[in-house]
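As structure tokens, one chain now follows by itself in the form predicted alone.
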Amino acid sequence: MSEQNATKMWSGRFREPLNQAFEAWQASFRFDVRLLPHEVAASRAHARMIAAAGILTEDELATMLDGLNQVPRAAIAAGSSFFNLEAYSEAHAKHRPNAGAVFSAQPGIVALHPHVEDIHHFVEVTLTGIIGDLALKLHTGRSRNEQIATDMRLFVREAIDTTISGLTRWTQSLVDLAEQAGEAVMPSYTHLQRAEPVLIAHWLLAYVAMAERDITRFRDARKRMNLCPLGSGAIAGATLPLDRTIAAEALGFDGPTPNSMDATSDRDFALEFTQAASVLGLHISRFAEELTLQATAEYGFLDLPEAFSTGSSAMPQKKNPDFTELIRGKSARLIGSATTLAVLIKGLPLAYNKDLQEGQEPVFDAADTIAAMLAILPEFTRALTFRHAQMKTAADTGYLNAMAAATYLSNKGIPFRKAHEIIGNAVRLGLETHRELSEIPLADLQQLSPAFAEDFYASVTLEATLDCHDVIGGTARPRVAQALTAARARLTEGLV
């Protein structure tokens, strides 16, 4: 055994020292240090499991658990004193309260331990410094393969909970904004062309529906991944008669994983998390895109809050939509993380392969990216100010009541395809004479069809045009009021 390799967890078989460049390049401690709280929690669960198997006495277990409790504090103290990152810690802790202090100390912890290979090695070295050689018993009956699989599940589970919490806050802000909008109207669009009038609340509830689907995706992923790999060993299962339910219960899992080969190589849970995050990112990006368009002078539908905008260094008049543009950009980053994981996993044989080390950073980045987005998005959403008058004018002009007009004729017994043609002719007449449908004289309309009567004008008012969509999910005012009440109830009852 080389003297340089003496501190490694695998040193016995090797005689030559590691190439120094390779050693630094292959080490994962610089990024998996953030798993410290999860590694300690998993180690505590494993200690209880091997104690139940007779590997540790009660006194040894007590000493081991006490030592493990001291590991994060010792690491944070050393790392924080080495790098003064208090402000960064405070900002990060807002998104990840359980890991904020550890995260703030990461650069310091890594710098103080240049020869540590990974988070598992670090905990073993630190624990040995606290309780002595008893720490070396902790690795009895386990492998780093199962450790990292467990740590990453714990991390992803926490990230999912953080994401759901942020999503719920954004949903709350959308519902609040919809309630404030009342019966204010706006034009809806297809093909980026004005289509029909809708309530602003109806438009906002479309994003509520997306957010609720996102929440269910994250919850489904959490349920599937909530099984504990500890006891799976390197590939074939632990070599001790371990009661795996002990570790699973200690860590809040629903039970042990059913197959050791799958447990150590499975990264479906990480893939599902990043994929769900990428879909959420797409939804937020669509919201941001609509706001960016509506805030332009060409639309003039809303004012972007100054607190979330910046100016131009060259053009004094500019107010740039930096937040919404960055949101669009961040969605690409989330898609990138999911794609990286998918490509990484697709060709791997069973079971653990070192390639999987490359799957950690995309998960960390996705978790940080979506947490930062959702930390700002609810407050930004509440600060939006709609220009109701301009939106109403846009919704009440330009023949957006043509569908309601065709429905009027259809209700008179005219086949809809024919009614569609008649109203198309009426629109053409209006365009040629610069009149809205409601301004065309009845005599002129009756030249197109004798089915037109005086009651036509009441059927194409803005209110009637909204209310003719009287179906579940439609923009009729009573339906939107019901949908808004239901959305508020789901929030109150914790169903979203």
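Counting begins at 1, following the sequence as shown. For clarity, every value in this text was computed on a predicted model and none was experimentally measured.
Beyond what is shown, the protein has a form predicted together with a small molecule; the following relates to that form.
- Checking 305-313, 370-378, 208-216, 355-363 against the small molecule in the model of the complex, the stretch whose residues place heavy atoms within 4.5 Å of it is 355-363.
- The single contact residue among I148, A75, A405, L280, judged by any heavy atom lying within 4.5 Å of the small molecule in the model of the complex, is I148.
- Out of the listed residues E272, E124, D266, D118, D118 is the one that sits within 4.5 Å of the small molecule in the model of the complex by at least one heavy atom.
- Contact annotation: R144 falls within 4.5 Å of the small molecule in the model of the complex, judged by heavy atom distances.
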